[in-house]
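One chain comes next, on its own, written as structure tokens: the form predicted on its own.
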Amino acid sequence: MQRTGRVFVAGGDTLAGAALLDLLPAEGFANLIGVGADEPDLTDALAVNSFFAAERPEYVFLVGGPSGGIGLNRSRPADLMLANLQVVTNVLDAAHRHGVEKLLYLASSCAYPREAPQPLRAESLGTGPLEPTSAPYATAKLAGAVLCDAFRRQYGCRFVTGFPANPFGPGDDFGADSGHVIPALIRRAHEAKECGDSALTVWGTGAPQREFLFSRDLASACLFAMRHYDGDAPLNLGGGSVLSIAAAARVVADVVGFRGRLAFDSSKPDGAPLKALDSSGLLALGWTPATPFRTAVEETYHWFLHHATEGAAHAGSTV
């Protein structure tokens, strides 16, 4: 990947996209295109094709498409699936048509079967039913990975798929119902502290385990994969902290300064019991995450305090 190349982060308004737009200039990649208002609507095929025809990006990070936590997946499954299918088909088709040198597509660990052996390995993809609470969204993300492979096999396109661990960080969606685990917990813990509540409500039993990855580390993993990986098989982008929801909630409460008890609402779904990635392929290439979980939560809470408003903060997560 040449530092002088024209780089397009497709989905710059997402959590991973914002982190990439911060990281790339710091790493010497100054020729960024399609930033901010210059990015086309990725769900509009004509707009995407016109952008690629005019701007001729050489390297593309495809991290766009809306996502959310269990609440959003339950309330807007059709919206999430449709938008993600539109994004991936539009961008991959345009990238092929206009000769993109290399593309990294960021899928989602939700696309692994619910009962797949842990830690999750690429060979388990497509071998069983998905977690029902996120199946429409996950199906769209899996379709993107399959389409990348199809373009590789039919046309020789250098399209690579990465499956990230659960990311969080500054600029996340902090909606109490729409956000992913960590940002939603941060908002609830902050509001519980401000209101003097005696208990912090946590969705589910607290027993499920998740692998969490700071957004800055995810951006670093994406850039590393773009520069060092060109294999046919999807590459897991993980190596972060694996914690139960209960343990993660205790760290969040401590960082926020909430001193009450945790109240687990078992009427809410847990989702998959365990979701951790086998990222041995990435780690063997020489990449490792740099940010401890507590430090990442502290930085994320600091951002929340300075940027979040009464409603959910604007910015979507990609996975």
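All figures in this text were calculated on a predicted structure; none of them were measured in a lab. All residue numbers are counted from 1 along the displayed sequence.
Beyond the structure shown, there is the form predicted together with a small molecule, which is absent from this document and is the topic of what follows.
**Student:** Quick one: of P208, P113, P136, P119, which gets a non-hydrogen atom within 4.5 angstroms of the small molecule in the predicted complex?
**Tutor:** Contact check passes for P208.
**Student:** Here the chain is shown alone; which of N90, S220, N166, S241 has a heavy atom within 4.5 Å of the small molecule in the predicted complex?
**Tutor:** None of the other options qualify; the answer is N166.
**Student:** Is there any non-hydrogen atom of A192 lying within 4.5 Å of the small molecule in the predicted complex?
**Tutor:** A192: no contact with the small molecule in the predicted complex.
**Student:** With a cut-off of 4.5 Å between heavy atoms, is G179 one of the residues that contacts the small molecule in the predicted complex?
**Tutor:** Yes.
**Student:** Answer yes if any heavy atom of V202 is within 4.5 Å of a heavy atom of the small molecule in the predicted complex; otherwise answer no.
**Tutor:** Within the cut-off, so yes.
**Student:** Residue-level question: is P269 within 4.5 Å of the small molecule in the predicted complex, judged on heavy atoms?
**Tutor:** Result yes; P269 sits at the interface with the small molecule in the predicted complex.
**Student:** At 4.5 Å by heavy atoms, is each residue in H96, V100 and K141 next to the small molecule in the predicted complex?
**Tutor:** No: none of H96, V100 and K141 comes within 4.5 Å of the small molecule in the predicted complex.
**Student:** Considering the small molecule in the predicted complex, find the one stretch among 69-77, 146-154, 119-127, 229-237 with heavy atoms no farther than 4.5 Å from it.
**Tutor:** Single hit among the candidates: 69-77.
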